[in-house]
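For reference, the chain that follows is the form predicted on its own, supplied as structure tokens.
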């Protein structure tokens, strides 16, 4: 009898004070954060972390699977990893990001992929327009 053992080593990630501060900020809210917003929020809490460190920290945390990123326009925004799948609507006037989920959209995407012989590994849907307040 042959026994095969798989050993999975977690990515070794040193939790520096800067990483902890950024992770705590993102995980403590439901909003979408870009690096500049994180910098401003941390400064309000008297936590001075350079913007270059914030960008590096976000990259490391995303790579480690501790936060999720979505590209909206030309900028990455980060959010908690524990949210269920959703898509985004972005107001081009005020920048507000609203999350939504609609099963019909998900079904259509899978049907289209199947017709094209495409295996979906993931997707990101971002709709741009004007929110109710800015219309």
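All of these numbers come straight from a predicted model, not from anything done at the bench. Numbering follows the first chain given and starts at 1.
The following text describes the form predicted in complex with a further copy of the same chain, which does not appear among the structures shown.
Candidate from 51, 64, 81, 108 lying within 4.5 Å of a further copy of the same chain in the predicted bound form - any heavy atom: Result of the distance check: 108.
Options 87-95, 26-34, 41-49, 55-63; stretch whose heavy atom lies within 4.5 Å of a further copy of the same chain in the predicted bound form: Every other range fails; the passing one is 87-95.
Heavy atom of residue 15 within 4.5 Å of a further copy of the same chain in the predicted bound form: Output for residue 15 is no: heavy atoms all beyond 4.5 Å of a further copy of the same chain.
Are any of the heavy atoms in residue 20 no more than 4.5 Å from a heavy atom of a further copy of the same chain in the predicted bound form? No - in the predicted bound form, heavy atoms of residue 20 and a further copy of the same chain never come within 4.5 Å of each other.
Could you run down 113-135 and flag each residue that has a heavy atom within 4.5 Å of a further copy of the same chain in the predicted bound form? 113, 115, 116, 117, 118, 119, 120, 121, 122, 123, 124, 125, 126, 127, 128, 129, 130, 131, 132, 135, in sequence order.
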